[in-house]
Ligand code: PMP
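For reference, the chain that follows is the form predicted alone, supplied as structure tokens.
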């Protein structure tokens, strides 16, 4: 028999003054104060229509997208879209099961084959998200009694993988080869160690000095190396494999983790490796075993996109042109950037005042440009970022418009001299 819940009499009363949400009160108050000034909620953007990899309708207005991580612009590629439609027709909308049960369809194996061909590796394992790829690989490889050595600026998914696996965590200063070497030297020689690096760091867009880091790691016993190429895949290296390929350390890296939600243009994650025992991970990796597998349409779009990225040299070259032009243009306008020179498709505009950062973000949105705004704790204390993510499909005209909008918004908000 259906019943109606009376919130006043039936449900348990909760003391609103102090409960599990109380720890968030300072953040709630800060957000409410910010919204009271009249600014839009930066984290409540709705795209009512997406016209292309670089253009969407936001608040009823055509808006250039400069914050999507859609580096290679594959989301509207006709072959990729058609592959997804065909898979929907032939295999349905979802698998409703884990990969180790009923969740492995033909498309999942084809996607892993595409990854092996792309990376030139013997093994590939597809996860349901890039976050889960790091969570699964790191927590499974290193457990109690082992050590994980990681860059202090590592992504949240890397840290969460450490916590799930219960290994000892050792941080080294961001991109410091000397500190990495020193900290490895302090660990027990007979202990197993996993060193986790990233090709491109997503906040500032800076690149790791992988050859020097790999050389430092190989001085020490019982070390394996995992490189996260989430922001490097598609863009770096002659085959688009990532920074580790561009910098020539392919044969020194044990595992490469990546995502489909950036250059590949869909959703999902993966790990590739040549380790002879790699396949056992399918039986022991909890975030892989206990998660529903990706829908057939998603793995079909991913496989098609990955194979097309093998032959995307012209796109990579155009993306580099866009990055160099935008970086120089923003510096010439007077903005402080995260790197001295363009190192990736990410360009971070640094501001030190939250009010100004929000005002700048909103001014850009009103002018027809969407960028990401980042704040502590995702950024260093006192640092606020407007993070730009370029796309190979941005035209030269759009890059010019972007610079004009940054100039206008900067002068309007006082972020640059008027």
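Residue numbers count along the first chain shown, from 1. Values in this document were obtained by computation on a predicted structure and should not be read as measured data.
Note that the form predicted in complex with the named molecule isn't included here; everything after this is about it.
With a 4.5 Å cutoff on heavy atoms, residue 320 does not count as touching the named molecule in the predicted bound form; it lies far away. Taking the partner from the other structure, the named molecule in the predicted bound form has a heavy atom within 4.5 Å of a heavy atom of residue 129. Within 4.5 Å of some heavy atom of the named molecule in the predicted bound form lies at least one heavy atom of residue 134.
Using a 4.5 Å cutoff between non-hydrogen atoms, residue 240 does not count as a contact of the named molecule in the predicted bound form. Taking a 4.5 Å heavy atom cutoff to the named molecule in the predicted bound form, the contact residue among 165, 338, 296, 268 is 268. A heavy atom within 4.5 Å of the named molecule in the predicted bound form is found for exactly one of 202, 344, 304, 273: 202.
Contact with the named molecule, judged by heavy atoms within 4.5 Å in the predicted bound form, is confined among 241 to 249, 322 to 330, 275 to 283, 223 to 231 to 223 to 231. In the predicted bound form, no residue of the candidate spot (316, 394 and 398) has a heavy atom lying within 4.5 Å of the named molecule.
Along 237 to 266, a non-hydrogen atom within 4.5 Å of the named molecule in the predicted bound form is carried by 259, 261, 262, in order along the sequence.
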